[in-house]
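Before any questions on binding or motion, here is one chain by itself as structure tokens, the form predicted alone.
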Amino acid sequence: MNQTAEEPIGRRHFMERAILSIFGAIGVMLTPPILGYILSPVFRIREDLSQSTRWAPVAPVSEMETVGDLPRTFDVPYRVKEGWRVRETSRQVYAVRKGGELALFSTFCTHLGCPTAWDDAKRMVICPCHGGLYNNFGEVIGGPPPRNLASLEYKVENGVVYLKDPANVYEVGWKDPRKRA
């Protein structure tokens, strides 16, 4: 004879089912973050490939024509995304005429990335942190810097000079010493 009535569930079976249900719920909740962590390099590569080169306006060509063989600083405004927030910021670049050609170079010392300044009295670019000295074309003339100030890529379009990737503080050609390899 078949009994259709269910037998009462004992405490042991109840606890087994309750614990398995709790562990199952925890597993379901942890699966998306774990998969996101494992697959994030794939999405990061796709994101890097989708970003195009950013160009920021420096100054009109007419203003750049007044630049001589002494460095002149220009503020380059650009936007930077920090998490969900986008903020306006700027960085300075040096502009100089070298052999009649316009050259833009970084204001950050190649020794440890300190900001530099043009000294009119000494007629050289000086890094106040460790005494790095550069001539008016950004070439090392003294101190600990291992190489010249980084040359920056620019283009002229519609009568305006644009700087490539202004958010790239540590330009290609030297390694950020604060980041370990």
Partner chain sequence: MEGSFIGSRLAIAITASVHALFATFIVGGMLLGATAESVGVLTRDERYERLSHSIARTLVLMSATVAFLGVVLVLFLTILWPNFWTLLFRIMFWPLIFEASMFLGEAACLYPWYYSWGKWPRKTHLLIAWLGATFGVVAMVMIDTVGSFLLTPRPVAPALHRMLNPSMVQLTLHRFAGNLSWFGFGIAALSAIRYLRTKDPRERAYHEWAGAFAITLGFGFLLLMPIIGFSYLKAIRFASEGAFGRLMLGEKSWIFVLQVFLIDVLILVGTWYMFRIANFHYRDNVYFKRYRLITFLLLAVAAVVFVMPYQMRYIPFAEYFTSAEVNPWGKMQPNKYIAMGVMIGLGILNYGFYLGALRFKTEWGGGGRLPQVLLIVLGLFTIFSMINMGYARENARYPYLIYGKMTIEEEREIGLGGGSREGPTSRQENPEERNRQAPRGLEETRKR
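Residue numbers count along the first chain shown, from 1. Please read all numbers here as calculations on a predicted model, not as lab measurements.
The same protein also exists as the form predicted together with the partner chain; that form is not shown, yet it is the one meant from here on.
For the options A56, M124, V67, A59, the one in contact with the partner chain in the predicted bound form, meaning a heavy atom within 4.5 Å, is M124. Heavy atoms within 4.5 Å of the partner chain in the predicted bound form are found in exactly one of 150 to 158, 59 to 67, 22 to 30, 115 to 123, that being 115 to 123.
Contacts of stretch 138 to 161 with the partner chain in the predicted bound form, defined by any heavy atom lying within 4.5 Å, are made by E139, V140, I141, G142, G143, P144, P145, listed in sequence order.
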